[in-house]
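One chain comes next, on its own, written as structure tokens: the form predicted alone.
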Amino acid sequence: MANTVSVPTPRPGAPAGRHEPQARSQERRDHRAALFFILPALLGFAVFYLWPTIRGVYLSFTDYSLLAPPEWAGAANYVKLIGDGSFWRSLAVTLEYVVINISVQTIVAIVLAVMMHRLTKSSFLRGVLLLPYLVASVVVALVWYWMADYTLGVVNQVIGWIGLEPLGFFGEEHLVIPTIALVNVWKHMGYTALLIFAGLQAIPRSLYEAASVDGSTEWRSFWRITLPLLRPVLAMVLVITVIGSFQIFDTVAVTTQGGPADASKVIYYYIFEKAFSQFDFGYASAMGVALIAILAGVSLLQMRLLRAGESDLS
């Protein structure tokens, strides 16, 4: 009679050649090591993001002026917000800024990224494109504020040389938001272009070679290959830039302080005024919570419409 020997079947996913107790012990050690490395980030997130958010949600239901303890006010701040015309006007001004900033910045960044991908391999040019992003936003705002000055600015000097009247870029109601948006396009376009350029690196060159053999032009390859395969990266870039655009504050604070006639009073500047000029922290917190809800909804909608979690390469 032949003897039968039972061979233990390895657990799916367990490292080959290891017994199950050893695999579990290794898994626990890996978890402890991972927790050790992410603990500083978790601590910073809890102190600088999670706790202020929880505190802000609590203050949004109170009447708090910094000089006295918060008093519970229920939903009074949110009822006040619904009827506050200044809040909705500042939100509309912010939306105008976001539309101009995102549309121009995305188009310029895609053009720059495709040119870097198809025409040059120079690391120097990539570094030069990133330089404006490395300059502080306040410095960028001040430099462009002086350059676009109505009487002494170099921009109006050039406009005068070609026979046109000078423009009040930061002083006219219909020009102030487009001007602020274009200043921030100049600062962020290099960074956005590098993000898109990283996405272009993942597209196999064999697709372009096959398209070229079939007689496809560069323009046709861009619409049929580049843009569809770049969709997940573009979705991520759009979510990041839209959230960042809604947070525009420093350029407005340095240049116009919300003027002229509230034409550039964006939502962050309005919240700042309520909190630190009028000391109405309860109402300012309610506006902050409303803005979080709006941004969360916009981000989820973007990711769903752009199918951010799917790739046509798979």
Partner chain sequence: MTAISMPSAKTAVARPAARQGRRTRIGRIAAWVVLWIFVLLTLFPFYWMLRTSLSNNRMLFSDPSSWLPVAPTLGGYERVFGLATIQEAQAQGGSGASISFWLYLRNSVIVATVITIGQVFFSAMAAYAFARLRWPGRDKVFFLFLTALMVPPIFIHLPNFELMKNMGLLNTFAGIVLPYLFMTPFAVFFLRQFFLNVSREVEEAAMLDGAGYPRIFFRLILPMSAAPIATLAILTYINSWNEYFWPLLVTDPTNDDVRVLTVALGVFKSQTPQGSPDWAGLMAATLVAALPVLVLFAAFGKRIVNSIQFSGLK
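No experiment lies behind these values; they were computed from the predicted model shown. Positions refer to the first chain, counted from 1.
Omitted from view is the form predicted in complex with its partner chain, to which the following refers.
No residue in the set Leu81, Leu167 and Arg304 has a non-hydrogen atom no more than 4.5 Å from its partner chain in the model of the complex.
Within 4.5 Å of some heavy atom of its partner chain in the model of the complex lies at least one heavy atom of Thr53.
Taking non-hydrogen atoms only, Trp161 approaches its partner chain to within 4.5 angstroms in the model of the complex. Within this chain, Phe61 is remote from the site of its partner chain in the model of the complex, having no heavy atom within 4.5 Å. When its partner chain is considered in the model of the complex, Trp88 lies well away from it, no heavy atom lying within 4.5 Å. Distance criterion of 4.5 Å from any heavy atom to its partner chain in the model of the complex singles out Leu142 from the list Ala73, Leu95, Ile102, Leu142. For the stretch 200-222, the set of residues having any non-hydrogen atom within 4.5 angstroms of its partner chain in the model of the complex comprises Gln201, Leu207, Ala211, Asp214, Gly215, Ser216, Thr217, Arg220, in sequence order.
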